[in-house]
Ligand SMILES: C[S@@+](CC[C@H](N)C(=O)[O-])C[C@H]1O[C@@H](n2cnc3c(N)ncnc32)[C@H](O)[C@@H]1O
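Quick heads-up: it's one chain on its own, the form predicted on its own, in structure tokens.
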Amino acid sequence: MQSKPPTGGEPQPPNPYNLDIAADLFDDLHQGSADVQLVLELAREAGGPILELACGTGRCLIPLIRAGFDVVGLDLAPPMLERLQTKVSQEPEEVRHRATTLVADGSSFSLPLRFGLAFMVADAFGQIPAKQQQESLAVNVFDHLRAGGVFVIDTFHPDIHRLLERGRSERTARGYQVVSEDIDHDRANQVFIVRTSYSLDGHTVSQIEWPLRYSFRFELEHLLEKVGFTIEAVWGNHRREPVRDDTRRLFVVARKPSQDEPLPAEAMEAVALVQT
């Protein structure tokens, strides 16, 4: 297990999971998530090594290294990576050595590796609040994939009701009541400001406010195509079913062209702009 400092610039907050209590409860709040099996299937199809952006406490990373893949996990929150490192340290040696963690911003990290698969799940892409940051991340991922490599983004499908009304969710974990609610909506920039509160025995012990940017399906497809990706599939759930009106998720699968496929001029310009 290796842990490295950031490269290519300092991490840029805010990150909704930057507190110890959020890191401690992360696994409980995401228990039973069905996307892990899809990530394993995609890894087998694309081949390694694997890059996970916003890897958290290793909900996907641990199953991947157990399945035999070399994985680099990036996250902006050291408490998350500390929990991940603890879990990896409990794995057999032949599993432990497959994991590398990096405290880094996905839009500016730099590694000598070229990956077969890169992915972001659980709305991590939406936690990048600015369009230019999202585009910079897509360009950086594109540059770190080998020819024919795949980038997968799992984000929520914008719901017209949430766009008109304030969303709210309430969950429990280890006796804590965890409430997330929209406290502001900047429609011009497609950003919700979300407040997450952690309460124990009726008393709030932690409270975080963080931005969540929503992307519509074709907006997301266009951004990836502009960078140079080819959209291979868009699914509405982890079972690879089509997107429908009532679909809650968007799984966008984008492929970097093989070496004999020239990049469109617009993509070349985007790559050059970010690299300079």
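Just so you know, these numbers come straight off a predicted model, no measurement behind them. Each residue number is its position in the shown sequence, starting from 1.
The protein also exists as the form predicted together with the named molecule; that form is not presented, and the subsequent description refers to it.
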Would you confirm whether the three residues G56, L74 and A122 all fall within 4.5 Å of the named molecule in the model of the complex, going by non-hydrogen atoms? yes
Answer yes if any heavy atom of V88 is within 4.5 Å of a heavy atom of the named molecule in the model of the complex; otherwise answer no. no
Can you work out whether I128 and the named molecule are in contact in the model of the complex, taking contact to mean some heavy atom pair no more than 4.5 Å apart? yes
Is M80 part of the interface with the named molecule in the model of the complex - any heavy atom within 4.5 Å? yes
Answer yes if any heavy atom of Q133 is within 4.5 Å of a heavy atom of the named molecule in the model of the complex; otherwise answer no. yes
Exactly one residue in A104, A138, L84, A99 has a non-hydrogen atom within 4.5 Å of the named molecule in the model of the complex; which is it? A104
Among 232 to 240, 63 to 71, 214 to 222, 46 to 54, which stretch has residues with heavy atoms no more than 4.5 Å from the named molecule in the model of the complex? 46 to 54
